[in-house]
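In C-alpha cells, one chain follows: the form predicted alone.
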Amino acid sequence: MALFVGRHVNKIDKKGRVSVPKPFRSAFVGQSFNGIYVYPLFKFNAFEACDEAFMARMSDSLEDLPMFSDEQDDLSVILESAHQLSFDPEGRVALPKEILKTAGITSQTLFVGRGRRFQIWEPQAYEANRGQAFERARVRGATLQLRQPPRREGEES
C-alpha cells in the first residue's frame, strides 16, 4: 500500500486539469482503474484522494454498519459524492467544477500527503487550517502511540 507524504503545489490549467505529483501518481500503477478516487471531507472544504483498494475498504466498512441506520445513510454520502478521476497521458486529472467550487480552488491546488491517502486543498485555506491543527495538537500535548512492526517469520517475541 502506498505512503503519501509531503506537500506539493501544482497549477490548474484553463480546462481544470492538474498534474498529480509524480511521487503520488506512481502509487496508483497496477490498479485496475488508472486514476484516483476523490471524495469531500466532512470537516473542511477540501477533498481526500485514495486508491481503488482504499475505496473498497471504505465501502466494505459502510456495509458493516446496521442496514438502513442513520449512521449508514449519513456516511454513505461519501460514496455518492466520490469521483473517479482518470489520469491522462501526462499524469493529469480533470477536477470537476464541483470540487473546484467546494474547495475554493482557482489557479493552484495543494496536494497534502496523509499516509494512506492524500488531500486536495486550496493552498491558502490549507495553511490557515494547518496552523490551527498544529496549535491544537501543541496545546493538548498530543502524542501518537506507534503500532508494533509486524513480526517476521522465525522471529521470537
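What you see is a predicted model, and the numbers here were worked out from it, not measured in a lab. Residues carry their position along the shown sequence, with the first being 1.
The same protein also exists as the form predicted together with another copy of the chain; that form is not shown, yet it is the one meant from here on.
Interface residue remark: Val29 is not counted as part of the site for another copy of the chain in the model of the complex, having no heavy atom within 4.5 Å.
Contact check for Ser69: a heavy atom falls within 4.5 Å of another copy of the chain in the model of the complex.
Contact between Glu90 and another copy of the chain in the model of the complex is not found at the 4.5 Å heavy atom cutoff. In the model of the complex, another copy of the chain sits beyond 4.5 Å of every heavy atom of Ala125.
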